[in-house]
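Take a look at this single chain in structure tokens; it is the form predicted alone.
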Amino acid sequence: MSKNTLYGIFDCEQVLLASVKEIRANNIEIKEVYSPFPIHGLDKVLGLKETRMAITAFIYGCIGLSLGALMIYNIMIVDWPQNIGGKPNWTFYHNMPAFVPILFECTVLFAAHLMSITYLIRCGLFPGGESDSPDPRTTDDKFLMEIVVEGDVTAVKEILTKTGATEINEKDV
């Protein structure tokens, strides 16, 4: 059996969402959906698992908190202790209320920057990365659904046409 890849191109995200529901209801596997912007509810309709990005954000925040505390301890207690405003300078926990804003900012800084870097690397959006989008119009105003079909493609083409695809392209794999 030959494998063919069908590309259904849509003009509206709501039409695409309805088409994805219809195609998944007919037990047809959708390989990928390309969109110029995130579509609310598409991940649920496609049956994708939740990401683990929240776990990485927590880990990166803990790293930032730890490095911030280590930095404050080293600067304010070990390296250059100073009596500022009558606060004791020989212990970390006596000065903790003054250090909370700095610790919070270090946590947010590390979580935000490392999450951005992780996202860009995970999605392959680093400088010099190649786009795997089969149609450059998906970065502007079109929505594309990629379906790999084994055997006869006419039934899938009919469903795509019925559900609102404005253009259907076929490619042999």
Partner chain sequence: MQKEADIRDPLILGNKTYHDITKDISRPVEGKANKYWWILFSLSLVLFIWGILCMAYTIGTGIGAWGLNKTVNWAWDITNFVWWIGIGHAGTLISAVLLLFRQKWRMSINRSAEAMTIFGVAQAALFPLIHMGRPWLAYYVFPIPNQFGSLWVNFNSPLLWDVFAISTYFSVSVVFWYIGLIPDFAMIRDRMSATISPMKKKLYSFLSFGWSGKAKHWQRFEEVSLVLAGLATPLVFSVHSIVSMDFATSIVPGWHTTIFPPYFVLGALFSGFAMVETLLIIMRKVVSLESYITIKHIEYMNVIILLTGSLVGTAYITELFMSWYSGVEFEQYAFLNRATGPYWWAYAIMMTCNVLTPQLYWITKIRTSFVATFILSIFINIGMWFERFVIIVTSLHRDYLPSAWTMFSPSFVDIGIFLGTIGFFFTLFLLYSRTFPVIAQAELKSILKSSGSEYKNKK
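It should be emphasised that the depicted structure is a prediction, and the values quoted were computed from it without experimental measurement. Positions refer to the first chain, counted from 1.
Separately, the form predicted in complex with the partner chain exists; it is not shown, and the next lines address it.
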E13 versus the partner chain, in the predicted bound form: is there a non-hydrogen atom within 4.5 Å? yes
Whether M115 contacts the partner chain in the predicted bound form should be assessed with a 4.5 Å heavy atom distance threshold; does it? yes
Is I28 part of the interface with the partner chain in the predicted bound form - any heavy atom within 4.5 Å? no
Decide whether Y93 counts as a contact residue for the partner chain in the predicted bound form under a heavy atom distance cut-off of 4.5 Å. no
Answer yes or no: in the predicted bound form, does the partner chain come within 4.5 Å of a heavy atom in every one of I72, I102 and V108? yes
Even though the chain is shown alone, can you say which residues of 126 to 154 have a heavy atom within 4.5 Å of the partner chain in the predicted bound form? F126, P127, G128, G129, E130, S131, D132, S133, P136, T138, T139, D140, D141, F143
